[in-house]
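Okay, here we've got a single chain as structure tokens, the form predicted on its own, with questions on binding and movement later.
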């Protein structure tokens, strides 16, 4: 009975991506404004990425970015560039770098680093060692953004 439970747990962890080779925030390799390798080794889910994008307690991307693909959501921001056509303007590797740590791509941006867990100034102690998004959530957002193509 215990063997079956262990096998079930391994299958569940593998399916959720938790046993994949997740890259730690401090080990993300930025190369010329890109992050070429997946942070998880698991494909991003664009449906989950859409939820993270619009989630006010997750990515909260709509606070700064307008996104015509989400007309049902209110209060689109105008601080960052519109996300319409993002998948045509940037490659997957560029989007992964921008979402992970936009300051490695755009030095003066006010966009937060969504996959960084140290080196902050003026952050609450409860956030030390934590990133805003998980590696899989970054991959999910990137997968979603890649669906936003120019027509």
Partner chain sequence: MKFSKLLAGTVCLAFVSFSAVADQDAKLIIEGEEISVRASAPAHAENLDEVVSGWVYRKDETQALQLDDFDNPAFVFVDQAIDEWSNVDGTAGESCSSCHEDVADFKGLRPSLPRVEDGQLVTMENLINECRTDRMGAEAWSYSGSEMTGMTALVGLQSRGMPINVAIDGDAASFWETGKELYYTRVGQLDMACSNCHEDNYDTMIRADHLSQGQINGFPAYRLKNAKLNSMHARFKGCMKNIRANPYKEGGEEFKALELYIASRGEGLSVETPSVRN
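Residue numbers count along the first chain shown, from 1. These figures come from a predicted structure and were not determined experimentally.
One more form of this protein should be noted, the form predicted together with the partner chain, which is absent from this view; the next part is about it.
- The single contact residue among 43, 63, 37, 47, judged by any heavy atom lying within 4.5 Å of the partner chain in the predicted complex, is 63.
- Contact check for 77, 123 and 131: all three have a heavy atom within 4.5 Å of the partner chain in the predicted complex.
- Contact check for residue 56: a non-hydrogen atom falls within 4.5 Å of the partner chain in the predicted complex.
- Residue contact with the partner chain in the predicted complex: residue 108 places a heavy atom within 4.5 Å of it.
- Contact check for residue 89: every heavy atom lies farther than 4.5 Å from the partner chain in the predicted complex.
- In the predicted complex, the partner chain sits beyond 4.5 Å of every heavy atom of residue 85.
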